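One chain follows as structure tokens, the form predicted on its own.
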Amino acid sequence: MVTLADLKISEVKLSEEHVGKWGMVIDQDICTGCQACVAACAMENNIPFVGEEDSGYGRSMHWIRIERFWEGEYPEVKMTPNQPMLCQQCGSAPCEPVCPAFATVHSQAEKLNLQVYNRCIGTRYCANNCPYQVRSFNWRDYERPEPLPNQLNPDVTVRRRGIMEKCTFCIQRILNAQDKAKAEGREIMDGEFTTACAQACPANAITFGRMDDPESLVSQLAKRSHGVKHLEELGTLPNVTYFKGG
């Protein structure tokens, strides 16, 4: 007979098993909403700017967005802290089991939610099952007039129309740092590299690093009592922690 205690133990084991190797902490109290992270992410990951017409249809391609919320009634309106929203790199991602082509999978080595572009057939089941609405569908092969192709990052695939895409925690930077550390016979040092969004943030509101290293800055920040996970009650085990003051 399964008892309540057994269920709680199983839940703890599941959380430990799915805890991410890489994680992020975002301090909403010091985020200014400048969207430097949005621009940096687009440049780093070859994200096209879709233009006014497609934006009007809600077809923007950004992998990270700034959500703004207001409280109260006019004229006594108070804007609550900005919330940068990106793929939460869920440990138990709801997008993974619904993909018929196994295009969205969980990396056992990096413990990241990956998107395999050459498998994706564009069903958009993953986007429909994502509670954070952070996946983008490529509606077109967007043109980049000269000299814009010169800005493309050679470490990142240029995606074609008809597939889904999303934040990868700048996995190309993770792999480059791992290769360098392996060649030098050492572990990756804390703060050795970071994601494009964290690097560009003028307020240092975003911290990225190894969650499996108890001495890393991001690991220590994530353990603070006032850190919260977005929609944590859904059981998706997100690896992004938000700080929000009262």
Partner chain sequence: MFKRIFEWLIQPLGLIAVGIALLALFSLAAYGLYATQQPPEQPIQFPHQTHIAFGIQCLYCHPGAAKGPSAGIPSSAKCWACHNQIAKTQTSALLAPLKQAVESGAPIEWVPVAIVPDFVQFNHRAHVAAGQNCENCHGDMTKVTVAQNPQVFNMGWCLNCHVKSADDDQEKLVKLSDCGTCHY
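Residue numbers count along the first chain shown, from 1. Quick caveat, the model's predicted, so the values are computed rather than measured.
Only in words, not in the display: the form predicted together with the partner chain, which the text now covers.
J.: Among 120-128, 170-178, 88-96, 134-142, mark the stretch whose residues have heavy atoms within 4.5 Å of the partner chain in the predicted bound form.
T.: Within 4.5 Å of the partner lies stretch 170-178.
J.: Checking a candidate spot here: are Met211, Val228 and Glu233 all in contact with the partner chain in the predicted bound form (at least one heavy atom each within 4.5 Å)?
T.: No, none of Met211, Val228 and Glu233 comes within 4.5 Å of the partner chain in the predicted bound form.
J.: Val116: heavy atom within 4.5 Å of the partner chain in the predicted bound form?
T.: Looking in the predicted bound form, residue contacts with the partner chain include Val116, since a heavy atom lies within 4.5 Å.
J.: So in the predicted bound form, does Glu110 come within 4.5 Å of the partner chain, heavy atom to heavy atom?
T.: Yes, Glu110 sits close enough to the partner chain in the predicted bound form that at least one of its heavy atoms falls within 4.5 Å.
J.: Please run the contact check for Val156 against the partner chain in the predicted bound form: heavy atoms, 4.5 angstroms, yes or no?
T.: It does: once the partner chain is placed as it appears in the predicted bound form, Val156 has a heavy atom within 4.5 Å of it.
J.: Considering non-hydrogen atoms and a 4.5 Å limit, does the partner chain approach Ala101 in the predicted bound form?
T.: Flag for Ala101 set to no.
J.: Give, in sequence order, every residue of 179-198 that has a heavy atom within 4.5 Å of the partner chain in the predicted bound form, or say none if there are no such residues.
T.: Counting only heavy atoms within 4.5 Å of the partner chain in the predicted bound form, the contacting residues of 179-198 are Asp179, Lys182, Ala183.
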